[in-house]
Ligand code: SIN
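This document starts with one chain, in the form predicted alone, laid out as structure tokens.
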């Protein structure tokens, strides 16, 4: 089995052609796909028509699947028959949402507020509106490489505190507040702001909408730096905006990519996407000859 690929955009991504993802794929091909994924952050496959079982099976080629735990009493809206699949949708049945419409509104990487963030995510477009509902992807290798030296020296080797507890009501104002049990299960975590990718050994920025402070900085200064870094890494030079078509599948690497669902008018049409998610690894930063800086729970 052979496949072809072409550059998706200058900042990030590759589109792959010629593979039938509904059938088992040779291990050699999977290795080639993984190399492309590691080199290019995101992969796009088009005209896919598969079952939940086939999506789960393909995702497993890249690692162990993560099942989204309950959060805020109403999440996650996983498929009942396949809890490995998270539903992103604006559709309602009997007056109740079948998925989470506002998932990912704001630049982030999946699971960044956890001790072990998610390695990767795969999103499959079953139905999309005629207008809106796009997703942006940012290459945090490139933004890290392009950081002005005076900014980089101020954050290298430092960690930021990521807090589901602090940011939940800000990022998800439409959801109920976290319960006491949920707060205990999602303690704050400190992650290196510049992260060493465990497979490529390249440095990337690791900062997103759940970050609230930076170690060694006054609170106000830390928040300003977080805003500055977020604005920098999501500049046009580093991002690609994907306009979904039915049958599109995108696999992205959360360790070196940020993404953002572009808010849209829920009345424009139905949006129904299915996401599988990969378990990850402990973030760390290690420069040559320096002590390794790892994530830790607050």
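Nothing here was measured: the structure is a model prediction, and the numbers come from that model. Residue numbers count along the first chain shown, from 1.
This next part talks about the form predicted in complex with ligand SIN, which is not shown.
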property	result
Candidate stretches 56-64, 28-36, 43-51, 251-259 - the one whose heavy atoms come within 4.5 Å of ligand SIN in the model of the complex	251-259
Ligand SIN contact at residue 118 in the model of the complex, heavy atom, 4.5 Å	no
Any non-hydrogen atom of residue 222 within 4.5 angstroms of ligand SIN in the model of the complex	no
Contact flag, residue 110 vs ligand SIN in the model of the complex, heavy atom cut 4.5 Å	yes
is_contact(residue 211, ligand SIN) in the model of the complex, heavy atom dist at most 4.5 Å	no
Triplet 160, 283 and 293 all within 4.5 Å of ligand SIN in the model of the complex via a heavy atom	no
Heavy atom within 4.5 Å of ligand SIN in the model of the complex - residue from 189, 144, 88, 138	88
Residues within 4.5 Å of ligand SIN in the model of the complex, restricted to 161-181 and counted by heavy atom	none
